[in-house]
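Take a look at this one chain, the form predicted on its own, written out in structure tokens.
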Amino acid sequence: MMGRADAIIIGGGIHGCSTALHLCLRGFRPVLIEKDYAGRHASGVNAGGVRQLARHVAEIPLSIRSMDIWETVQDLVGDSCGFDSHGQVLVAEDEDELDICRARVADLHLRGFTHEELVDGKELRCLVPAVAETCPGGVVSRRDGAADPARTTTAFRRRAEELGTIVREGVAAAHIRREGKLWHVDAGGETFEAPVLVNAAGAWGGQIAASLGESVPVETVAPMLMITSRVPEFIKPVVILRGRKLSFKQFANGTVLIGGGHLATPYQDTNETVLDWQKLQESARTVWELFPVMRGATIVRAWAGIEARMKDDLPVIGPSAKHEGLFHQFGFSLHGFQLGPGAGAVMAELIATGNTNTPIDGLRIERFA
């Protein structure tokens, strides 16, 4: 069976679903192909951080655009996505780390970015009363927060389908080729053709790019997370550290999510991961040292998602350097969830108009040429 569409999107994570939705808003009729189900990998199992804080300068304009969408996400997808905006705080554990924070905030302000604010020890303990007294300060981004990743990805997928996206889950995109002016992709017993192809395949995005002659330095990684037993409420913002690897959030039911970038071993061909319990112990020990209130909690569950990390830790977003009608949107390097709504809007803008008002020059695939 042959199906015609305006665009073919490979990958049903938050980025693929957001791109499909925003293309529909511009009058396109896309097809979304996902080999498992929407949010099966990184988009549905991450820490849910909605973070402008501590981003690379090249990502900040995209992050700001995305935050504007997050703040009205209910209007866009008909679901709050569990988004709360209690801020995110980067904690400096000593004076040297605070000096680095101070230089960072000053540099951003000179560039015209004012979302990061330096705080001293007194203000830090107002924001995070349970933090250790030895911490001298840090940085806060007050608009930031967190959301439910699986719920968010499902909401974007559902809204995209309501607006006209053809969704195919449980079938892998195969035999990707360009014939004349159209891209052709096989999906199970169907073949779809369209003038536009979007590679939003997450951990599998590098393989697709390489098969089309655009190899980039990308590796498959599996960031680990764990959840604790319930403890009395003691923190509202999300906390990250300047030095050691840690991200930290308490849910309304009292459980605490602990992450921070320690990696499991991924087995991409079978969708499996093997956890590194020693690294998880390091994260737990860091929490134990910085938050005495957590010392009676136990670890209930741990898991890892599979995603792609680029050599420079920045995603690939934008048109192909080799092929007309091909766009890349992958390699979000353990920090792509917050960018999803904005990245979809930018991608739809590029496809529909050939340009975008959001600077992404530092994120294009040409940087690896």
Ligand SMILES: Cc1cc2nc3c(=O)[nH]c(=O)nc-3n(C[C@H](O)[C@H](O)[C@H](O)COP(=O)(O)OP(=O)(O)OC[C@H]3O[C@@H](n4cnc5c(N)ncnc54)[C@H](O)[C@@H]3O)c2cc1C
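Remember, predicted model here, so these are calculated numbers, not experimental data. Position 1 is the first residue in the sequence shown; the rest follow in order.
In what follows, reference is made to the form predicted in complex with the named molecule, a form of this protein that is not presented.
When the named molecule is considered in the predicted complex, His335 lines it closely, a heavy atom lying within 4.5 Å.
Residue contact with the named molecule in the predicted complex: Ala42 places a heavy atom within 4.5 Å of it. When the named molecule is considered in the predicted complex, Ile306 lines it closely, a heavy atom lying within 4.5 Å. Contact annotation for Asn46: at least one heavy atom lies within 4.5 Å of the named molecule in the predicted complex. For the candidate set Ala194, Val216, Met294, Ala173, a heavy atom within 4.5 Å of the named molecule in the predicted complex is found for exactly one residue, namely Ala173. Checking Ala92, Ala264, Leu225, Ile235 against the named molecule in the predicted complex, a heavy atom within 4.5 Å turns up for just one residue: Leu225. Partner proximity in the predicted complex, defined as non-hydrogen atoms within 4.5 angstroms of the named molecule, places exactly one of 319 to 327, 298 to 306, 23 to 31, 59 to 67 at the interface: 298 to 306. Using a 4.5 Å cut-off on any heavy atom, the residues of 10 to 25 that reach the named molecule in the predicted complex are, in sequence order, Ile10, Gly11, Gly12, Gly13, Ile14, His15, Gly16.
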